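Single chain ahead, written as structure tokens, the form predicted on its own.
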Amino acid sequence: MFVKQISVFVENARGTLSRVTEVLAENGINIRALSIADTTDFGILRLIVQNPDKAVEVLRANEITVKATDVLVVEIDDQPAGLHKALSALRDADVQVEYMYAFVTKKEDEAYVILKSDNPQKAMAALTAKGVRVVPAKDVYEL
């Protein structure tokens, strides 16, 4: 049920991001979702891609610093309180969210939220117990 997210260390310099996307494009790897957090000198580009193992391989082969991390992808109803249902399930289970970001799906009434928690197994159990769908990796990669 876990989805592999790749995290890429990127220097805050002109062309750094386009180099990452260039390598992925040259290798036929489609980006499904992304988030970037930056500081003055560098950033962390977090990506959900179609083929994470291949992405890690080709980025490393091009001397780009990359790491794979397991995250959960949760299906959220696109309506008021949709996200609250998932977050309150985690709060009630005493699971901390380290970070999260969202992306839309091809379905009109749903969105996906990617989240990294301090206890992924406990998070998955808490979410499913409250009726929140944890999206299988295969479904995310095939979007």
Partner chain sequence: MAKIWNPEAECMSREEMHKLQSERLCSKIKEIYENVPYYRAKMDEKGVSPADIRSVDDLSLLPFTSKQDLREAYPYGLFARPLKDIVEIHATSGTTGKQVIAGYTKNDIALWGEVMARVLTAAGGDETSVVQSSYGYGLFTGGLGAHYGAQTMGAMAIPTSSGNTERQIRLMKDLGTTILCCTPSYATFIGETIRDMGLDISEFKLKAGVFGAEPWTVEMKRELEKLLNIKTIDVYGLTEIIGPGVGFSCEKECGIHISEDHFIPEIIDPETGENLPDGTLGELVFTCVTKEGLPMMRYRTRDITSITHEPCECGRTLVRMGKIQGRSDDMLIIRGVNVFPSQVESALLDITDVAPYYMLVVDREGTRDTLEVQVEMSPEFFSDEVRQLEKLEKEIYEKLKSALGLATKVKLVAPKSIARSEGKAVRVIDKRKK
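Keep in mind that what you see is a predicted model, and the values were worked out from it rather than measured. Residue numbers count along the first chain shown, from 1.
What follows is about the form predicted in complex with its partner chain, which we do not show.
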{"item": "Listed residue (Lys67, Arg91, His84, Lys54) with a non-hydrogen atom within 4.5 angstroms of its partner chain in the predicted complex", "value": "Lys67"}
{"item": "Residue contact check: Ala102 to its partner chain in the predicted complex, 4.5 Å heavy atom", "value": "no"}
{"item": "Proximity of Lys116 to its partner chain in the predicted complex, heavy atoms at 4.5 Å", "value": "yes"}
{"item": "Heavy atom of Glu22 within 4.5 Å of its partner chain in the predicted complex", "value": "no"}
{"item": "Interface membership of Thr39, its partner chain in the predicted complex, 4.5 Å heavy atom rule", "value": "yes"}
{"item": "Interface segment, criterion being heavy atoms within 4.5 Å of its partner chain in the predicted complex, picked from 75 to 83, 107 to 115, 93 to 101, 26 to 34", "value": "93 to 101"}
{"item": "Residues of stretch 20 to 36 in contact with its partner chain in the predicted complex (4.5 Å, non-hydrogen atom)", "value": "none"}
